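Subsequent text provides structure tokens for two forms of one protein chain, presented individually as structure 1 and structure 2.
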Structure 1
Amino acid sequence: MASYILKRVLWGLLTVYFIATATFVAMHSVPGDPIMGAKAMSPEIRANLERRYGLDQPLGVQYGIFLANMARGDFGISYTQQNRSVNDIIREHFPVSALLGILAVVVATAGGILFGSITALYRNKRPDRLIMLGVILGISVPGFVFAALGQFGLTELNALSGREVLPVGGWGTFSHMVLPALVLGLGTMAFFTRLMRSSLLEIVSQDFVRTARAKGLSPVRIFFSHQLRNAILPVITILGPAIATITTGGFVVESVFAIPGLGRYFVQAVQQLDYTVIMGLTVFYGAFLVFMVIAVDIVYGLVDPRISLGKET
């Protein structure tokens, strides 16, 4: 088991290294000047700024410094936010993104299990067709479209009711989180719904379900004790990567709803060509996703030691 965990950790570190390298190459390949921006400056000021950020060094030296700092957990100082490090941005704003992501995962998981169960119970009937139509829309329509439609609908609802039912944007209270969490979790909810439907329909024909019916158990008990408990396992299997994906995938949603999370700063950094923020947040999010995948792999290995054999089986 120890070798299994060590192998996963080593592969994870290698993956993070390739993410960091690809990000560094991409940032230094795109056109633009992160220092100049829209401001004019004298050659002396420019030289001082290049010296401060290490841009006067050869590209290979910059790459080595970047990797060495990253190994120490130091992602550097922002080009556009004066005297503010990327680590400070992560420390202050990742909790906001994490909280929004957790709420979105709760919404996605609960909705996916509920709607997936309904579609399986009413297979090929009207509820099944309506929910599967919603699943197709949830998977195919981008999140920012739902965000814009949600804001429009909420604005109209607030106007009709004469009071603020829910805030259209901002952050601070639970009411601010409701619509962004729903929008962010819609795609994953649709995927979970389809997964639950397939899993439940497969379990319906299993021998242990037939045995439960033959024993005279009530349909409700059969569903909750035998069908749902086994059908939910595939959802739990992908829950770890789904948490990482939702938490790191709210860039546009956070920008649309003016949420002060990491996604908003990432979008701003891309617009302003802030190399250090882009590279730091990309590596941080990549490492977080890799960590969640490794955690799921380790849980698999604890639950079923045969998984550690991998290709040897």
Structure 2
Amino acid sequence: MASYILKRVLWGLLTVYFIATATFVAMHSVPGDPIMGAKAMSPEIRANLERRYGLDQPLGVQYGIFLANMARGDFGISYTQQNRSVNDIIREHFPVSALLGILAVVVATAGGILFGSITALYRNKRPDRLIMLGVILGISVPGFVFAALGQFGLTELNALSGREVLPVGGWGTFSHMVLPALVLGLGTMAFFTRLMRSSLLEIVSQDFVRTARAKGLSPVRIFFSHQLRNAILPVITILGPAIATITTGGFVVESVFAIPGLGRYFVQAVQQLDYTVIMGLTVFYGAFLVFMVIAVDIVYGLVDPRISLGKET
């Protein structure tokens, strides 16, 4: 177990190193240079600026400094915002994104398990058909369409009821979070519902369920303590990739709802070609996602006794 975790963590670190290197190489092969966009400047000022950002060093040295800084958790200073370090940006805006993401994951998981169970219980009956229609829609409609439609619906609702039922955009109180979290979790919820349904249907015909029924357990008891617990496992497996989907989905939702999260910041940085912010946030997001997947895998091993970690792979 310990050796498995160690192995996964080391492999994760290697991946993060690879991400950092790829980011560095990618950003340094962009045509032009970061201070090119600034106003016309004298050679002295330019040299000063280059010194400040370490751009006067040879590429190899820059790479070394970059890696050393990353290892210390120092992501550098923004090019477009004076005296603002990437760490400040992360510290200020990541909690917002994280809160939104956690809410969306909760919405997706809870909704997926609930709706998946309903479809499996009412297999091929009307509730099943209805929910599965919703699932197909949820998988096929892009997140930004849900975001726009949700916002539109809310505007109409607010206008109809003559008061602000829920705010249409912005951030601050819980009421600001409801719609964005719902919209962000919707696609993943559809996916979870489908997964939950097929996994429940598979379990219905398993021996231990038949045994439980033969023992005379009540259907409710069978469902909750035998079927549900086992059917949830596949949902946990794909929680890692789902978190990645929700994180990147946040870029769009944060932009549409004007939420001051890290995702909106990342999109802005990309549009303004703010090199250090792009590099820093890519490595940060990369490391976050890689270790999220590892954490989920470890939790999965703990939850499912049939899997002994370390023996697989």
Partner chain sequence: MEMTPALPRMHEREVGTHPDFLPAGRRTAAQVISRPSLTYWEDAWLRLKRNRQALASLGIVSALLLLTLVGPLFWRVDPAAQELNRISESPSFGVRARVIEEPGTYEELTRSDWPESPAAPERALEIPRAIGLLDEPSILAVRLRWEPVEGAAGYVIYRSDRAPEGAGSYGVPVGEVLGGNRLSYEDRFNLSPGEYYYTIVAKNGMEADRGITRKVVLEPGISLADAQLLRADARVGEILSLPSHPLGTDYLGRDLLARLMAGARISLFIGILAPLLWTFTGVLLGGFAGYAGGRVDGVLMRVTDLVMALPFLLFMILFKVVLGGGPGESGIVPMLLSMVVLSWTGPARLARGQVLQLRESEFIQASRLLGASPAWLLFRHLLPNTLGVILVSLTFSIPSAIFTEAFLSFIGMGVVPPTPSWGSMCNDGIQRFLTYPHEFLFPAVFISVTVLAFNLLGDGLRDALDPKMRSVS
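Numbering for residues begins at 1 and runs along the sequence of structure 1. For the two forms, the rigid core is made up of the largest set of C-alpha atoms that agree within 1.5 Å on superposition. Please read all numbers here as calculations on a predicted model, not as lab measurements.
Two copies of the same chain, shown separately. Which of them is the form predicted on its own? Only structure 1 matches the form predicted on its own.
Rigid core superposed, CA of I65 - does it shift 2 Å or more between structure 1 and structure 2? Yes, the C-alpha moves 2 Å or more.
Taking the rigid core as the frame, does P260 move its C-alpha by 2 Å or more between structure 1 and structure 2? Comparing the forms between structure 1 and structure 2, which are aligned on their rigid core, P260 does not shift its C-alpha by 2 Å or more.
When the two forms are laid on each other by their rigid core, does Y53 show a Cα shift of 2 Å or more between structure 1 and structure 2? The answer is yes; the displacement is at least 2 Å.
Angstrom shift of the Cα atom of F24 between structure 1 and structure 2 (superposition on rigid core): Looking at the C-alpha of F24 between structure 1 and structure 2, the offset is 2.5 Å.
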